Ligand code: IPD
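In structure tokens, the next block holds one chain alone, the form predicted alone.
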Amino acid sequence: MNHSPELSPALLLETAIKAATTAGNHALANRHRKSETVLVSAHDVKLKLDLECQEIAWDIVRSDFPLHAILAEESADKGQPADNPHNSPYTWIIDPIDGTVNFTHGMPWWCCSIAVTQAEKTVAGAVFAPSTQELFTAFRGGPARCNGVPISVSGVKTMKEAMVLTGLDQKHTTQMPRLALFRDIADHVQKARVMGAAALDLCRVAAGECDGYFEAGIYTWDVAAAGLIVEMAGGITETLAEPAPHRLMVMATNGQFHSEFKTFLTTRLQL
């Protein structure tokens, strides 16, 4: 496919789906190799499969859109900027395995996320959960879908009625201790849960299976596709802070109690 200044978001989504499902199914077929690590840290792990899946997705994007930029987790988290030799307005954002620690323990809560931005605004995205064969998709201006069926956010109107998915930021992005923040959130919602894969968490908000999401420290590749899916499902995704390049503090809700939840968070985090 040739580079064009204006491309159909639906056409871009086709490539996102192909990249996410091919890379994700490669990880699923090779889950017996979950102990093949390239880096182990206190709270995270990098697998050979992370690199392989990224290369698979990268090659698919390059094949379809050779002039587009690519920002991929396994390169960007080493401080490398997006690969954009042609100064393209389009950037593909690849997270080969979101929820790698879950994957290494055999839990099914992990996914592959592929997004494409135009002038830094996400226009299409796909999140594929191989273990459950769920494919969440959206392009800007169209419906959010799961396996082709339209999805929409819940109708919960207040924090006290809400189930909120969150995470425990291991890099101490906030001054408030992470367990204290989790406890405070849990005290003000119906239930709080930590599942361990940000992109899938956001897709559950989009599907109306939970009502809100917050994490103090995630990355651009965690939220690029899933944030759009939330928006196209009728919700709101908002970046509250960017403490470092590609490092984000993000919240999302069904839109019904967004202001309430944002005030709660910004007051406690002194934003």
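What you see is a predicted model, and the numbers here were worked out from it, not measured in a lab. Residue indices: 1-based, along the sequence shown.
Just so you know, the form predicted together with the named molecule exists too; it's not on screen, but the next bit is about it.
Asker: So in the predicted complex, does any heavy atom of residue 65 sit within 4.5 Å of the named molecule?
Answerer: Result no; residue 65 lies far from the named molecule in the predicted complex.
Asker: Using a 4.5 Å heavy atom cut-off, state whether residue 129 contacts the named molecule in the predicted complex.
Answerer: Residue 129: no contact with the named molecule in the predicted complex.
Asker: Can you work out whether residue 197 and the named molecule are in contact in the predicted complex, taking contact to mean some heavy atom pair no more than 4.5 Å apart?
Answerer: Flag for residue 197 set to yes.
Asker: Closest heavy atom of residue 219 to the named molecule in the predicted complex, within 4.5 Å or not?
Answerer: Yes - in the predicted complex, heavy atoms of residue 219 and the named molecule come within 4.5 Å of each other.
Asker: Of the residues 153, 97, 165, 72, which one places a heavy atom within 4.5 Å of the named molecule in the predicted complex?
Answerer: Exactly one residue meets the criterion: 97.
Asker: Quick one: find which of 144-152, 115-123, 130-138, 189-197 has residues within 4.5 Å of the named molecule in the predicted complex by heavy atom distance.
Answerer: Result of the contact check: 189-197.
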